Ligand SMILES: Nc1ncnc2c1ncn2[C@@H]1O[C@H](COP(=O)(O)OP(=O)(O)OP(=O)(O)O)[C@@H](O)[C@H]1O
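So this first bit is one chain, no partners, the form predicted alone, shown in structure tokens.
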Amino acid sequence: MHSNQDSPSEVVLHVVSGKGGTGKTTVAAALAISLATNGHRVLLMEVEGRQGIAQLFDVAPLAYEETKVAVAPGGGEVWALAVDSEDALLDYLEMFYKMRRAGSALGKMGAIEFATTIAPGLRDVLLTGKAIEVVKRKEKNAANAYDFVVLDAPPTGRITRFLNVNSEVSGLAKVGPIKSHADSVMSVIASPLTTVHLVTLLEEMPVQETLDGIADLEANGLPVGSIFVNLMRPPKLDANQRKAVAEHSLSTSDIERGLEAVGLNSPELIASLEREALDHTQRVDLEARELQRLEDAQRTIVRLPLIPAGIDLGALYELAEIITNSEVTK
């Protein structure tokens, strides 16, 4: 596990992306707890306005201030921050121009929404810029610094555009403070200080989007980290049983005897069980093929199980322990 004394080339910013519905916010939260283990201080950020972090940690909706939401094993702390483009622009105006009051007036006039709508690249520069400002506190030994920052980022289909802010603002500003701000952001994002993790399920579309995302990030010189395979389920049938199901050689008499033993025997139920066994076998085969496609990408793969009771704070700690024992935090 990293510490404050590690070399400056260590990863500080962990960006988490994934196709919608794969559980990227859950994985980001569990990763934050894992990184906070053994006394570290971690900031978990979200930029999509969904208040997903507050729901996971069962706290009030996050305001634009850093709020402690959890304590990790070993005494570390997880803090959280929800960022929107208006808050980030006010920060930007204050840092570069000492104009927070003027920025507030612009917000009331709707100018900020107008500006970020006609120039969406500006919005991304502002949002990523806040993450970079937090990352840079560490090298400045600021009192409010964090050991790590975990960014719950936009979905895989948009992650390269979101991070590659230089290309997004190239048509907006060739020189000046916005260009300088974008350059500062990219100096961290395209460096060993940053890594981008992708979250997927073992289904064709999420896996394909993950592989496309890796290729897109690499083509743009952005650092790719680990693949988190979420909601993994152990097979209910062993390999021999699945082979028998696939070959339609299951012993119906064995099923009948098993059902009779519990007083449930009926032809309709037997047929239903045979269909369910076939569906299960096909799903296990599909998941094995998709997992192999991910392994062929030659990235660290972290397998996270389906937790039948659902995701609560206890489940986050359970997932965090798995991540701690993986290569991601080593």
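Start at 1 and count along the sequence shown; that's the residue number. The shown structure was predicted, so the numbers you read here are calculated from the model rather than taken from an experiment.
What comes next is about the form predicted in complex with the ligand, which does not appear here.
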| 4.5 Å heavy atom contact, Gly314 to the ligand in the model of the complex | no
| Using heavy atoms and a 4.5 Å limit, would one call Arg50 a contact residue for the ligand in the model of the complex? | yes
| query | Is there a heavy atom of Val11 no more than 4.5 Å from a heavy atom of the ligand in the model of the complex? | reply | no
| query | So in the model of the complex, does Leu231 come within 4.5 Å of the ligand, heavy atom to heavy atom? | reply | yes
| message | So the ligand isn't shown here. In the model of the complex, which residue out of Val71, Ala142, Met205, Ala239 has a non-hydrogen atom within 4.5 Å of it? | response | Met205
| Quick one: which of 291 to 299, 59 to 67, 24 to 32, 267 to 275 gets within 4.5 Å of the ligand in the model of the complex, going by heavy atoms? | 24 to 32
| field | Contact set, 270 to 291 vs the ligand in the model of the complex - heavy atom within 4.5 angstroms | value | none
